[in-house]
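Given next, in structure tokens, is a single chain: the form predicted on its own.
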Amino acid sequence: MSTEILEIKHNREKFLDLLLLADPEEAVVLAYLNQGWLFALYEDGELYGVMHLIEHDARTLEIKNLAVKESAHGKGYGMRLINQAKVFGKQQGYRTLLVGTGNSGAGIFTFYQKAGFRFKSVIRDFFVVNYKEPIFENGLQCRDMVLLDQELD
């Protein structure tokens, strides 16, 4: 099998369906879609995942969106994308990699910790204030954004 991760510079809208798996409000995704860097992971020519990176500040690169096709969860594609973010961040001179995720996705915390992230802080009511429709996962309303980070040295 041949896996490749490509930077997407044009026609980013064609990745919207996959991006919406990780961030369900289209208006929010469209607001950042043309900022930063978008990467797509293909295996044998088939799209399996996407990752959108933006500059959070001069020292910090943020994973704004990371999504893997639901049928491909648990196969290492998300970890490959995070490893790409680490390499890319170092190459661009960033010192920290940051990610924010909702409080209601319990499994995602394990995933990010396995990837080397540590809990940083919480933005209370982020999803209540910034999203029109309530988000529910695992029977729990997604209200707060949990920030995790790791050093890139």
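So that there is no doubt, residue numbering starts at 1 and follows the sequence shown. Please read all numbers here as calculations on a predicted model, not as lab measurements.
There is another form of the same protein, the form predicted together with a small molecule; it is not shown, and what comes next is about it.
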- Query: Exactly one stretch in 99-107, 84-92, 52-60, 31-39 has heavy atoms within 4.5 Å of the small molecule in the predicted complex; which is it?
  - Reply: 99-107
- Look up in the predicted complex whether Arg124 has a non-hydrogen atom within 4.5 angstroms of the small molecule, and give yes or no. no
- Message: Just checking whether Cys142 would be counted as a contact of the small molecule in the predicted complex - the rule being heavy atoms within 4.5 angstroms.
- Response: no
- Query: Can any non-hydrogen atom of Arg118 be found within 4.5 angstroms of the small molecule in the predicted complex?
  - Reply: no
- Close approach of Leu16 to the small molecule in the predicted complex, 4.5 Å, heavy atom: no
